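One chain follows as structure tokens, the form predicted on its own.
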């Protein structure tokens, strides 16, 4: 089966990372995965949520949004509606959970790091691209904290990265663009760390069921792709001391 962009079934779209994209944020990147483009920024404050006050423990959270013309048709801004959609809430909770797993919150101390992921152009994989780019922004923020002596020890535990996989007409494929994602029989998002451990797996039989053997093939595809992505992250981030 030939994919419309000519990629092999196990091939990830070209990933481009533009670091320090925002001059104001403590950490930022513009990450491109094919035609999907997301701005990820990290903001550090010393105001943790009330339930963590005076515990010595920090927090990492995330917010996610999609610009009106990120998609083919304009979508109204959610701010204009006065509430977030269920999809947006689900995605930003996923990003927050994923990135918190990368940090020893006690070593972080009573700081809050907020990762904002703003999709400026969408062609599938916006949540997975946000997680991958969000980790880089987070790492840049941690480097700044160490450099400025805000913290004494590196709180990062491991890289975190994510990719989508799916079954299209029974064929396992990695990194689904929108036209593939919208027609997939099975759609799955996989989040892993640098120790090859799973953080989250979201797998749905959209139009069909899937077997354990098919699940294993999808997870193998995702694992191999995430190894490549983590190497790319490390090349961009460099040493953290």
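A quick note: this is a predicted structure, and the numbers were derived from the prediction, not measured. Positions refer to the first chain, counted from 1.
If you look for the form predicted together with another copy of the chain, you will not find it shown, but the lines that follow are about it.
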query	finding
Single option in 14, 10, 220, 228 placed near another copy of the chain in the model of the complex, where near means a heavy atom within 4.5 Å	220
Contact residue in the model of the complex, chosen from 153, 93, 147, 169 - any heavy atom within 4.5 Å of another copy of the chain	93
Joint contact, 136, 179 and 183 to another copy of the chain in the model of the complex, by non-hydrogen atom at 4.5 Å	no
Another copy of the chain contact in the model of the complex: residue 209, any heavy atom under 4.5 Å	yes
Residue 143 within 4.5 Å of another copy of the chain in the model of the complex, heavy atoms	no
Residue 42 within 4.5 Å of another copy of the chain in the model of the complex, heavy atoms	yes
Any non-hydrogen atom of residue 205 within 4.5 angstroms of another copy of the chain in the model of the complex	yes
Partner contacts in the model of the complex for 65-92 (non-hydrogen atom within 4.5 angstroms of another copy of the chain)	65, 67, 68, 69, 70, 71, 72, 74, 77, 78, 79, 80, 82, 83, 84, 85, 86, 87, 89, 90
